[in-house]
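Coming up are structure 1 and structure 2: the same protein chain in two forms, each one given alone as structure tokens.
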Structure 1
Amino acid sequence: METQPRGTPLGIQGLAVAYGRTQVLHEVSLAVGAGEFVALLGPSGCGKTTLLRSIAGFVAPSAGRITAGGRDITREPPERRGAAMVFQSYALWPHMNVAKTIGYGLAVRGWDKARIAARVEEMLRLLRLEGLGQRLPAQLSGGQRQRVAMGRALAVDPEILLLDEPMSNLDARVREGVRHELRTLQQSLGITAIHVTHDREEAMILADRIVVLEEGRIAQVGPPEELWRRPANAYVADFLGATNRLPLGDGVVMFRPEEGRVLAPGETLDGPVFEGTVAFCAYAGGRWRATIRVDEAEALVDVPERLEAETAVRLGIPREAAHLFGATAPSRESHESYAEAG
């Protein structure tokens, strides 16, 4: 990282949150370094947003501790945590123009008007919102709203930036650019960032480390490449795209459609090889995606040429792409599919 991190390390120890009788987070522990970008990844309902909101102080934990820069903030009100959030809905104030919105945090800190105006101008430039200071949220595009929400959070120079799926309401094309902007911005500011998302690609591109959450527990923590290459369990593998699941010995092998291979006659491969037949083959843009039946199971594999249905093929999975898990893999999905099979 080129700049000295100005952010604050964040510590979470044994954090538990319950909504009524529903336990949403089970003793989650996590240490985030100063200036680190961490993505909380998981499907909806996994507790990632709850974790973020308890860091912000919007949700009261039933147990555990949250520290920022060594300071215990577990019981602090939201305004005394030094963590600024970008909301999924942006939560822009409909009655306040862009300049007032971005300057709000500075006004409540008692800055004088000239200083606020200067800082607001700086933020407008940084976020490419020049000339829009007098607009109301209703007069902005989705991308502009997202940048205003970002500006409001960044204007107060927070120690920790909390991002709650800030790109989920943007067009796919806009999103691509915003990702890189966000990463550049975070690195140049040296700020600690926690980013909630259900989009694995977004998490991969943005984060130094990814935390995969499963039903209120941390399933795996690690740098994107490590998670990609060595998912700790079937749940993580499935979430990171290794959606194919074939029985192998006492367990299963999981792999990504783009990493499986249909072998030429006589070709050998270091890794598991299955005998199967082509059930279906469809063009998927630049490649063909074949559905291959192996006994009772089916797997999707990308192939360069079209394969005729009912052709017998050998499906190989290179050793480094084959993720092996025991039959009792702690994934609900696998339990369900076994239950169906039985």
Structure 2
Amino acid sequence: METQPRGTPLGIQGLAVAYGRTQVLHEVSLAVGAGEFVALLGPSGCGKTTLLRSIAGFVAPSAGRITAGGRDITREPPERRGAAMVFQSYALWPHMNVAKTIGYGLAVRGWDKARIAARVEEMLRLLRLEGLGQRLPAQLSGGQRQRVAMGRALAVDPEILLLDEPMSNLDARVREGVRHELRTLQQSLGITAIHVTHDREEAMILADRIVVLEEGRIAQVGPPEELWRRPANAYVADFLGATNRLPLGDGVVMFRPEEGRVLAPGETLDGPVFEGTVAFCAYAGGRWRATIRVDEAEALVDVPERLEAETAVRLGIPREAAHLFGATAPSRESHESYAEAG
């Protein structure tokens, strides 16, 4: 039986933030459902962390509203917003053990010692940290420190969980496991979560919906599959892995290295086909990756075997993988599939 969401819906209407004369957010509007997991995705400087910190109450907007469960929290202090934040650095005090760290927010709220102890034990079991209550942060692994930071945030029973790249300091192997744990935990608790990341794979794995930010504006919002298959513009396509760009008619076609195909002699394909030459080919672990020169442009394509340099090839892009955009100001042009361009 599915867990009923106990998180609260979040609303952002026309939010603007400026640092001095620099406008960081430009009238951003977004609705997040109760129990929904939303990822804010984009490169450094796109405004995703500023948006998160505005929701948390650490940054004051110059315009717009933020509501939680219909209640206007735009000018409320952080502790009255019903939200808890997990920081990129975890922000664990080196002198404070795990149990005291997790119970810190409860002590600030005036809970008695017995009640705090019971809640801390509950968090230790939930996060698989049993027996580690007396350890200091220096005695924990990176994954354990991340769980402690999560426990401190969850112990106060927040309506909204805010996550500021909490896995960026973990190595790849640990990060993969923690992603699964975080998503399972969020779903089991039914809590509303907003997660900032620059890692597209992380956003795809964790989120119900992804918000791609570009220079303080929302470039596209939607489920991971929708953004992957139909990026709204060249900026979104590039950020979601379609980094290859080849000129085609009055526009440019973008596609991912794993989706392009080197065609066999006489092979046909439903999609654009280019004549090219292999410039370079290297082994990338389980596959070869070829650099194919097409006129003045180059494209990376995954191939099953090594291709010799200077080999003439036909590069095909399947219809569903070809994303067409206008040649002028491509980051602002609307998406057009190859099928629509026909």
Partner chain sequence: MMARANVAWWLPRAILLAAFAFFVFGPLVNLVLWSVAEAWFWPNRLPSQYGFRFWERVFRPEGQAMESLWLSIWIASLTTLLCLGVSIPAAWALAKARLRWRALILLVFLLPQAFPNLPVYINVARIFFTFDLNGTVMGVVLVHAAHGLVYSIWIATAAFAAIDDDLELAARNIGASGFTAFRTVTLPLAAPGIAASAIFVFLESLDEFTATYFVGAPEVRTLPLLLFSAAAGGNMQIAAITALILLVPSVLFMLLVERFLRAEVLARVGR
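Residue indices: 1-based, along structure 1. Remember, it's a predicted structure, so these values are computed and weren't measured experimentally. What we label the rigid core is the largest C-alpha set whose atoms superpose within 1.5 Å from one form to the other.
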- Name the structure that is the form predicted alone; the other one isn't. 2
- Message: Once the core is aligned, does Pro137 move its Cα by at least 2 Å between structures 1 and 2?
- Response: yes
